[in-house]
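Okay, here we've got a single chain as structure tokens, the form predicted on its own, with questions on binding and movement later.
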Amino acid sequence: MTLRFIAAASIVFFTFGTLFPTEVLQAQTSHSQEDVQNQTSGEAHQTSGHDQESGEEEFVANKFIMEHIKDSHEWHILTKKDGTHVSVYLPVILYSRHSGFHVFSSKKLAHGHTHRGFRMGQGQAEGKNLEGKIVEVDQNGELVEEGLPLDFSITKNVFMMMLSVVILLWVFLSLAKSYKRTGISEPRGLQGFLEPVVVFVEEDIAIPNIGEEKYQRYMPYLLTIFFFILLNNLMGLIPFFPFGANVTGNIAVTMTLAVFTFLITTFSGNKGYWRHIFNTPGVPVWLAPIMIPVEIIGMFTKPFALMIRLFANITAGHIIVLSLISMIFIFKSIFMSVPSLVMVIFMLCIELLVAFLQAYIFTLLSALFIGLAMPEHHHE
């Protein structure tokens, strides 16, 4: 699954980052399963997040929450009174060493079904967590020894990333055409909303941290990560299809973003930056064996902090909101719905602020790390 996210996010950034209009600059695993399993120990019938015993449904909050924040091969819409699910099934793209490429709908794997030798994994096998992963099995239903197939499927998070890229490209390329046609003029409509944001990223993030002489070459990347994170944060708060996916709350996505910042920082480092790492000024020679490893570790802890900060803040917000909603079903009381919904609305307002704040912080720290890799050499 991590491979799929890294590939998708890499395509996103290599495409959108290079096409970002210079005219603008200058002016969950998975909820997809929802599978029903027949247990050999009794006649208990399980659906995702529900246990049915003696005709009554038992609400399990932790399953409900985890299924909604994890990635999925299907987009669950609703569950009917008869227990059937209404879902949007996404395409499954697999590569097996035995049978090559396979493309089919995730509906073929729903409810524990096996299709073309593939099914949704459960539990653990040989120390690997198979929950939410597609596994390959033989005719006897045993796992194939070679391991998991390569999974390039279009999951909820991948679909949401693609949707956000299409939206951002459409918005900014249309703005670029508008600038070419009308030139520098009074901004109107969407242009009037986005231009101050672009100017804010330029004047309050890029220039102070990178420098007025060098910031322009990094503006496409900084604007890309700012609007990409912001848009996905906002779309993740919309609780209906095709929105609601927890993209920036997926650690594989935030890791990919942090790796891009790390690579740009590393390849932008000048002599002063590398001299500070391997020969820190003012430090005695006998301390070098200690300071050099510390400085090298510091190179990796910075992007690691970026990755964890964005992932933890977005995931925590989703968990709190879903926990407040779960209280209605836990207490099974209509009187609990009013305070619960009031708290949910309050938390969504906080999440709206966090959506902007986390996009700002990630962009700010990325610009700061890039600027620190290019220290100015002062002559005494």
Partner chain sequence: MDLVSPGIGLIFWSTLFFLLLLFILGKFAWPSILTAIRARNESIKQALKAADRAKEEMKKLQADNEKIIAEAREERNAMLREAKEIKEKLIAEAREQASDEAKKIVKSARESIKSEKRAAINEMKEQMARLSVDIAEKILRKKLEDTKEQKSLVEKLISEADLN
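Keep in mind that this is a model prediction, so the values were computed, not measured. Residue numbers count along the first chain shown, from 1.
This next part talks about the form predicted in complex with its partner chain, which is not shown.
**Q** Considering its partner chain in the model of the complex, which of Val88, Ala252, Leu234, Met291 comes within 4.5 Å of it through any heavy atom?
**A** Result of the distance check: Ala252.
**Q** Using heavy atoms only and a 4.5 Å cut-off, determine which of Gln216, Thr79, Ser105, Ser96 is in contact with its partner chain in the model of the complex.
**A** For this set of options, the contacting one is Gln216.
**Q** Between its partner chain and Lys70, Leu175 and Glu186, in the model of the complex, does every residue show a non-hydrogen atom at 4.5 Å or closer?
**A** Every residue of the candidate spot has a heavy atom within 4.5 Å of its partner chain in the model of the complex.
**Q** Since only the chain is shown here, I'm wondering whether Glu142 would be in contact with its partner chain in the model of the complex (any heavy atom pair within 4.5 Å).
**A** Contact with its partner chain, no.
**Q** Report whether the minimum heavy atom distance between Pro220 and its partner chain in the model of the complex is within 4.5 Å.
**A** Within the cut-off, so yes.
**Q** Consider Ile225 of the chain shown here, and say whether it contacts its partner chain in the model of the complex, taking contact as heavy atoms within 4.5 Å.
**A** Yes, Ile225 is a contact residue.
**Q** Using a 4.5 angstroms cut-off on non-hydrogen atoms, would Glu202 count as touching its partner chain in the model of the complex?
**A** Contact check for Glu202: yes, within 4.5 Å of its partner chain in the model of the complex.
**Q** Looking at 112-120, 268-276, 167-175, 293-301, which lies within 4.5 angstroms of its partner chain in the model of the complex, counting heavy atoms?
**A** Stretch with heavy atoms near the partner: 167-175.
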